[in-house]
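Shown here is one chain on its own, the form predicted on its own, set out as structure tokens.
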Amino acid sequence: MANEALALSGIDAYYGDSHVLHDVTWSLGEARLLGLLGRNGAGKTTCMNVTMGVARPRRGAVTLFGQNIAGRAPEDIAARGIALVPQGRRVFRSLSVHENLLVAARKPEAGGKHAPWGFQTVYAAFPRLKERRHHLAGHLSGGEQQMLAIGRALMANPRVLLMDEPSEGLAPRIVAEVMATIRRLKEQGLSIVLVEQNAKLVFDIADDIVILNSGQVAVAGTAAGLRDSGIDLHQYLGIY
């Protein structure tokens, strides 16, 4: 197993009095892609919120390359090298494409392992964004907004990238383009957590899989190992 880039250990998290995550433990290997699956309400987005500091766990640790970041402010966590592509994209609709990228720009870590991201590299990865760089983000198509959300996260030059439902609401052709982009990022050595409803997409691209059920880890293993084991996804996800 690769060195741990990100790990959640014994996380208990609540929304008010509602106990959402129960002793959740999983880890993302460096330069690997972890697929996080589960039914609606299973706790996937809460894991993202805990990681980013939006929700504070009552118990447990979140470690980024061995350093505990649980309970830190979101801006501090982002500065340490985690970026989120949020569910629903959440682009700044009244800003241009270029301005959306500019507000997220962060210098790469000194001596970092990855080639730095900037306007040139993001526009090379997403030529349509370059074509529309002066357009308001609110005027883009759903697929273009998703590309912008990914590009905006990359402008932060993250060491770990969290992606929450990137295929949601997109046409199949656009989904294929987004997944191809994620595959390229993985091949470049970026450590990625991919939250998805579409299990087939995840199993096609992930190194490792974690399935949540009612706020607990129900299944964890390599994608290849779980595929070979003939896991019954319907039992956990309600799909065949």
Partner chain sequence: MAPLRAITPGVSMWTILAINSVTFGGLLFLLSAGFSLIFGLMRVPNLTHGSMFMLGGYIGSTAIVTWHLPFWLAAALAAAAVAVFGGVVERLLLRRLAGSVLAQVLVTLGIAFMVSDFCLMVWGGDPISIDTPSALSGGTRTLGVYFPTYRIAIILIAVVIAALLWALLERTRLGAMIRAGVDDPEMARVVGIRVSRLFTVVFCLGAALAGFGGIMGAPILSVYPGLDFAMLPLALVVVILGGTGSLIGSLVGSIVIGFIYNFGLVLLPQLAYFILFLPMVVVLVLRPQGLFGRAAP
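Every value quoted in this text rests on a predicted model; they were computed, and no experiment measured them. Numbering follows the first chain given and starts at 1.
The same protein also has a form predicted together with its partner chain, omitted here; what follows describes it.
If you check Ala78, Leu140, Leu161, Val122 against its partner chain in the predicted complex, which one has a heavy atom within 4.5 Å?
Looking at Ala78, Leu140, Leu161, Val122 one by one, just Ala78 meets the 4.5 Å heavy-atom criterion.
Only one of Ala31, Val54, Ala61, Ala176 gets a heavy atom within 4.5 Å of its partner chain in the predicted complex. Which one?
Filtering the options by heavy-atom distance leaves Val54.
Hey, of 66-74, 179-187, 209-217, 36-44, which bit sits against its partner chain in the predicted complex at 4.5 Å between non-hydrogen atoms?
Single hit among the candidates: 66-74.
In the predicted complex, is there a heavy atom of its partner chain that lies within 4.5 Å of any heavy atom of Gly151, even though the partner is absent here?
No, Gly151 is distant from the partner.
Using the partner position in the predicted complex, report whether Leu170 sits within 4.5 Å of its partner chain, counting heavy atoms only.
Contact check for Leu170: no, nothing within 4.5 Å of its partner chain in the predicted complex.
In the predicted complex, does Arg128 come within 4.5 Å of its partner chain, counting heavy atoms only?
No, no contact at 4.5 Å.
Using a 4.5 angstroms cut-off on non-hydrogen atoms, would Arg93 count as touching its partner chain in the predicted complex?
Yes, Arg93 is a contact residue.
May I ask whether Glu99, Leu102 and Ala105 all come within 4.5 angstroms of its partner chain in the predicted complex, judged by heavy atoms?
The answer is yes: all three residues contact the partner (heavy atom, 4.5 Å cut-off).
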